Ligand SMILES: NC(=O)c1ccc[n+]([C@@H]2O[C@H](COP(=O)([O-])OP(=O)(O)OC[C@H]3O[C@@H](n4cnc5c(N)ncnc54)[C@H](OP(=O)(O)O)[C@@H]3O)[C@@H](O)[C@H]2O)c1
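In the block that follows, a single chain appears as structure tokens, in the form predicted alone.
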């Protein structure tokens, strides 16, 4: 089993390797590793927004996980791999978009696994997606666990299918090559260090700036950034090879998330609440047009996202709690940290009526202690 090693003076401990380090999960993971005294090497692309790593003491390599040789060179000499990189999307897209999703998420995962195997890098922890976890077909809102297979017999997003196939690459590597690999399944992430930003972070900023004029019903599982990072570390240290673990903080409905945004920002929620059934019809037409005529235009409520919200999927984190000691935290602190980050560090919340979050003496968003309000070893859903 691979594990991160802290750096002592004069130490020549090999670095831990991280893909997708500039994204929301990756940026939080890298910061936690550095705080723990771990030496980190990251794989970046020159054309990407790498602001999330500015000023951090990490080894930078450049390449693309779709390039096996570049990935092998970048990972050489590392011990322990966090494969976080993925092409995240909730649209069907055109042919080129679907191919990019497949090549990044499936072939890229295959390359990272092979490179780690051939360079002797040890355990690989891959970031999975809760949207690629199965559910009870007769009762979709019943808690889903790791043993439930992804159901491909209905309309699904290319991203969902690609993350299911990426998991199969992990299981094939474990079964056929005896590779040490664990999957850390991630839900919708809320928290700071959201530089790109994420879809959820962008929606929070739009809300705070009064650019969000309506919202839909439905619900999903959300995970605090600190919780999914802790989940990755627990998988690296204690996870069983060839297994996956679901990490979530709480199930929330969209009106409940809106309520948290209203609480932290002081901005009243929109009066218009659109039924998801009506929004699904509208989004089908809008997404069809935008994907073909304006493929670079950001789409907030896509048909795929609405379908997920309508299922009201719940997560069972019992396995991660029993086997790894995972203790989920509440989302309130994560929402406050996300709001403070976007307000102070990104400076994109400009509504003069929005609350000004507190900062510490260093001018950084004040850290909010996490409320650990889920009892240990419940064996059930985090909500």
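Positions refer to the first chain, counted from 1. Everything numeric in this text was worked out from a predicted model, so none of it was measured.
Omitted here: the form predicted in complex with the ligand. The next part is about that form.
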(message) So the ligand isn't shown here. In the predicted bound form, which residue out of 111, 127, 265, 90 has a non-hydrogen atom within 4.5 Å of it?
(response) 127
(request) May I ask you to choose, among 246, 224, 85, 204, the residue with a heavy atom within 4.5 Å of the ligand in the predicted bound form? (result) 85
(message) I need the one stretch from 29-37, 318-326, 45-53, 340-348 whose residues put non-hydrogen atoms within 4.5 angstroms of the ligand in the predicted bound form.
(response) 45-53
(message) Taking the ligand as it sits in the predicted bound form, is residue 196 in contact with it (heavy atom to heavy atom, 4.5 Å or less)?
(response) yes
(request) Examine residue 186 and determine whether its closest non-hydrogen atom to the ligand in the predicted bound form is within 4.5 angstroms. (result) yes
(message) With a cut-off of 4.5 Å between heavy atoms, is residue 104 one of the residues that contacts the ligand in the predicted bound form?
(response) yes
(message) Does any part of residue 357 reach within 4.5 Å of the ligand in the predicted bound form? Heavy atoms only, please.
(response) no
(request) Go through 138-160 residue by residue and record those having a heavy atom within 4.5 Å of the ligand in the predicted bound form; state none if no residue qualifies. (result) 159
